[in-house]
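Only one chain is included here, represented as C-alpha cells and corresponding to the form predicted on its own.
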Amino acid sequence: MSAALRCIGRWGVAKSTLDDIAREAGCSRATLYRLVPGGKAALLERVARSEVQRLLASLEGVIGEAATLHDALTGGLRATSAFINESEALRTVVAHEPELVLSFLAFDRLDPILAASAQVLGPYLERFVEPSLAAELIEWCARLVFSYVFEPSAFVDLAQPDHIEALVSAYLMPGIEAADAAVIRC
C-alpha cells in the first residue's frame, strides 16, 4: 500500500505501473499479483479503501475527544483537511487526474463512503445531537469536504483554521441547532 501511494504521489495513477509499485515495494511483480489478485485496478481499490479507513480512524480520535459539538466539527474538518493536504498521492491525483477520484465520488459510488463515515463517526456525535441527526450531520460534513476539495472556494479554504471556525460557527451550528429543534419537536 505504501509503495503504491509513493508511486502515485510521484507519477499519478496512469503512469504508475505494477512494475513500478513492485520495485518500490522491493518485491517482484508476480508477488504483487499473488498478494493482490486483479491487478492494478484491485490494488488501487485496496489503496483507496485503506486510506478511507485510515482517515476514519484518525477522525474517531479527534471527534471522540471533543468536549462540544462545535469542537468535534472544527476538529474533524481540520483533521480531514490535514489528511488530504498531507497525502501526496491524493494531491497528485486531484491536481492531474481528478476524473479518477471523481468517479469514486459520483452517483451511487459515494454512498458506501458516506454510509461508512456515518456508521463509524455518527455515534461520537450522539452525545451532542439526536442519533438520526448525528448520521445526517456526518454525511453533511463529508459532502462539504468533497465539495471544497474538488471545487475550491475563494471564501472557504479548509486548510485555514480560521475559515473552518467561521464555517462551523456561521453556518453549520445554526443549521444544526434548527435541525435538532425540528427533530425534537417531531
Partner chain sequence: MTGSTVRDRILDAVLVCVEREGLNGLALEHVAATAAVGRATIYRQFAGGRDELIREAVRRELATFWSGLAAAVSHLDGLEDRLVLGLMIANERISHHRLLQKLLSSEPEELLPTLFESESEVNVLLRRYLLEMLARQPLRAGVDPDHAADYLARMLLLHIGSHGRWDLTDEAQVRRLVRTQFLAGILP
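Positions refer to the first chain, counted from 1. None of these values were measured; they are calculated from a predicted model.
Unshown form predicted together with its partner chain; subsequent notes refer to it.
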| message | in the predicted complex, does every one of 63, 94 and 116 come within 4.5 Å of its partner chain, counting any heavy atom? | response | no
| Listed residue (38, 152, 123, 161) with a non-hydrogen atom within 4.5 angstroms of its partner chain in the predicted complex | 152
| task | Report whether the minimum heavy atom distance between residue 146 and its partner chain in the predicted complex is within 4.5 Å. | result | yes
| field | Interface membership of residue 171, its partner chain in the predicted complex, 4.5 Å heavy atom rule | value | yes
| task | Using the partner position in the predicted complex, report whether residue 111 sits within 4.5 Å of its partner chain, counting heavy atoms only. | result | yes
| request: Determine whether any heavy atom of residue 102 comes within 4.5 Å of a heavy atom of its partner chain in the predicted complex, and answer yes or no. | output: yes
| Which among 65 to 73, 27 to 35, 52 to 60, 135 to 143 is in contact with its partner chain in the predicted complex, heavy atoms within 4.5 angstroms? | 135 to 143
